[in-house]
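Only one chain comes next, encoded as structure tokens, the form predicted alone.
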């Protein structure tokens, strides 16, 4: 579904990614893990057309580097950024509805809203509540739900569990699995290494803007190289 080859990414003159290669297969969860500052979020921003890039980024055979960022979402690619990016003084429902304005999603707004409320029943209870009054976990539900309202083929999640209580993290990963069962492919950047690899068919380790390790989630869980690639960060996560 998503093919990335020899990808380099830049912020002005600063190069953040160096020759990255990734394949995301349809119907799977693929994780990108690595230390803070390794380039994980930059990789997702590159796919979404938000940074200057060189190399190949193809989504279902289409060259994303030639498509403006505001049109990429209508191809079926939704990006839920780190930090959620909600509109704090809009209600839960209003934030969700903003995700359904792309042409491919408009005819399915009611159906998609029903699905989001099925995945996150708490949002139905809070649908008239302002987003800034929600807990961190509830805000993350809204952010993911808004992404799903665009009816994506590929859902990109950037650090969805950051700052959440362990119980909420479990809820989140259960939802990711349910989303995958419903046929949505997931590309996940996540600091919770163990949960991310457990949930993933494929995974990549990125360090200093370059890929240093790849394999199935179960293979990387058993890999002694993982601790070295994480500069010691993964050792505590894997216990």
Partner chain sequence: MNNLSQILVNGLLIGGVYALSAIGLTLVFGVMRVINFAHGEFLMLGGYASYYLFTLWGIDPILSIPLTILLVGPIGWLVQKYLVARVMHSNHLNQILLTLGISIILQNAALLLFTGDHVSAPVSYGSSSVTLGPVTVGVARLIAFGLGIGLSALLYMILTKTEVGRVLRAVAQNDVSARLMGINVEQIYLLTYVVSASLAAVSGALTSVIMYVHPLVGFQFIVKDFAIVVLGGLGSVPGAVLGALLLGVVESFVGTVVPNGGGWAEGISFVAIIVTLLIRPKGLFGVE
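Positions refer to the first chain, counted from 1. Everything numeric in this text was worked out from a predicted model, so none of it was measured.
The next section is about a form of this same protein that is not shown, the form predicted together with the partner chain.
- None of 133-141, 70-78, 119-127, 159-167 except one has non-hydrogen atoms within 4.5 angstroms of the partner chain in the model of the complex; the exception is 70-78.
- Not displayed here, the partner chain is kept clear of residue 154 by more than 4.5 Å at the level of heavy atoms in the model of the complex.
- Although the partner is absent here, residue 48 lies within 4.5 Å of the partner chain in the model of the complex, judged by heavy atoms.
- Among residues of the shown chain, residue 94 is one whose heavy atoms approach the partner chain to within 4.5 Å in the model of the complex.
- Among heavy atoms of residue 108, none comes within 4.5 Å of the partner chain in the model of the complex.
- Residues of 98-113 placing a heavy atom within 4.5 Å of the partner chain in the model of the complex, in sequence order: 98, 99, 101, 102, 106, 109.
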